[in-house]
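Let's start with one chain on its own, the form predicted on its own, as structure tokens.
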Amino acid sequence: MEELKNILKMHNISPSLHRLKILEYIHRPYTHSTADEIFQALEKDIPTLSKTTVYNTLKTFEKNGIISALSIFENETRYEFKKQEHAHFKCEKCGEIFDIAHPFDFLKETELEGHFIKNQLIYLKGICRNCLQKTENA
């Protein structure tokens, strides 16, 4: 929890209980949660938590570069802790979202055909290996 407090302090955000718990939830590996999922997961332990607090906190975290918002999948926004650049793969069968280390060399550049690249977002869709295995074993 001390690490999370330091992350918030580094970004000039006061480390309240709500903010720490939301950041702790997002900081888990491979989390691509919606604001509603975060609220539902935390409301049992924090009765004073509201959906508005979750949405406002997520906006604050995103604005300050702590998290990334993924908003390309079926008109929903999902949130993840900001880390090295990677692609996202969504399984069309189970709905799971996976982080994929992208091997595209041109994405290591900050300039492409005269354009300055500030952010890289790659979204892939298909059938995940787990669902493929289930199909093969059926």
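A quick note: this is a predicted structure, and the numbers were derived from the prediction, not measured. Residue indices: 1-based, along the sequence shown.
Absent from the display: the form predicted in complex with the DNA. The rest refers to it.
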property: Contact test, all of Phe98, Asn130 and Gln133, partner the DNA in the predicted bound form, heavy atom 4.5 Å; result: no
property: Any non-hydrogen atom of Phe81 within 4.5 angstroms of the DNA in the predicted bound form; result: no
property: Non-hydrogen atom contact Ile67 with the DNA in the predicted bound form at 4.5 angstroms; result: no
property: Residue contact check: Glu43 to the DNA in the predicted bound form, 4.5 Å heavy atom; result: no
property: Heavy atom of Thr110 within 4.5 Å of the DNA in the predicted bound form; result: no
